[in-house]
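Just the one chain here, the form predicted alone, laid out as structure tokens.
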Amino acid sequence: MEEARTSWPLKILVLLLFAFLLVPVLVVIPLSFSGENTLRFPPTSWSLRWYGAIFQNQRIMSGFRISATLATLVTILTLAITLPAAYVIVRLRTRGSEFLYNVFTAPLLLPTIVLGLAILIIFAPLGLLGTFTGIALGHLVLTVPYGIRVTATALAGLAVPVEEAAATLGARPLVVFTRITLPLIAPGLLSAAALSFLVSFDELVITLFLAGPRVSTLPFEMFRHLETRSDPLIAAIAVLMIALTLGAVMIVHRTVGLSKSFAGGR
């Protein structure tokens, strides 16, 4: 009875929170179909002209290609770093496991602008400012903590006796990992990859500290565009980025399920 009395207020609260989060989206989508030359809500005319303008803008398209390439590389590097690190933290359980986990996830405790300034100070003497390598390393500082958390959660949810059974049947550690552990935590790895890609693709603050005239990402070009113009082009790009995010989430959901992806496939 008590659960029935408390469920409705909780549902109402959740609905209000969802409504609060969705309000910006409900404003951006109509703006992207505006036929006017300036941002105005609600639009007085409707058109698809700004979606076509995206593909005619060389800076925006160049930023998109760089962002896609950068996010793909960062995702691969994130998995290459987080998989062995999470395995050491969760499975080996050494004295330094907790310390190692805290080190990997420490960037999540800092405001992004403070983190960006710290990276700028470190990268400047190394000549990494305004380079593709510098931006990739800066994004890794953000994506690795997320990858560690998701991968470690997937490994922690995997029953150890399953691996032990394979070992007792004569399988070597590498065989156990590749044929038992890796397939079972694949949902978690897929989620870590999707999250890392989206975080890198959408990152702006750290990119503002590291980008230059030779290398600039899509969010950086959007920010630069807004400094000089106030047309609905940015709204159209934002809608496409929202669609990209929803597409990534749907791929994870349709492939392995969202609940399984964060619970190690149980």
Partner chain sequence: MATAQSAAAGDGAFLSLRGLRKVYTDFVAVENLHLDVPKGELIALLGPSGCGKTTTLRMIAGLASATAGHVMVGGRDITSAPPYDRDMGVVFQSYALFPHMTVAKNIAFGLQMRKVPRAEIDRRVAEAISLVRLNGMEERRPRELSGGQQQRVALARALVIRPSILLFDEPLSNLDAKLRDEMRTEIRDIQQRLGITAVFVTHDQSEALAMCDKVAVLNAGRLEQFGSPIELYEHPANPFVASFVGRVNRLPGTAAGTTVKVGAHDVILPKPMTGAVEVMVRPHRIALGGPSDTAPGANRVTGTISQVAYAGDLVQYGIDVGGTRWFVEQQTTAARPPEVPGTPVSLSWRVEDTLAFPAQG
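If you're wondering where the values come from, they're calculated on a predicted model, not measured in any experiment. Positions refer to the first chain, counted from 1.
Another form, the form predicted in complex with its partner chain, is not on view; read the next lines as being about it.
Query raised in the report: Does its partner chain get within 4.5 angstroms of any non-hydrogen atom of Pro111 in the model of the complex?
Result: No.
Query raised in the report: Quick one: is Arg172 in contact with its partner chain in the model of the complex, heavy atoms, 4.5 Å cut-off?
Result: So Arg172 counts as contacting its partner chain.
Query raised in the report: Is Asn102 close enough to touch its partner chain in the model of the complex, meaning at least one heavy atom pair within 4.5 Å?
Result: No, Asn102 sits far enough from its partner chain in the model of the complex that none of its heavy atoms falls within 4.5 Å.
Query raised in the report: Hey, in the model of the complex, is Thr94 touching its partner chain, heavy atoms inside 4.5 Å?
Result: Because no heavy atom of Thr94 falls inside 4.5 Å of its partner chain in the model of the complex, the answer is no.
Query - Residue stretch of 186-194, 140-148, 158-166, 75-83 approaching its partner chain in the model of the complex, non-hydrogen atom distance within 4.5 Å - result: So the stretch in question is 158-166.
Query raised in the report: Given that its partner chain is left out here, which of Ala136, Leu129, Ala152, Ile180 has a heavy atom within 4.5 Å of it in the model of the complex?
Result: Contact check passes for Ile180.
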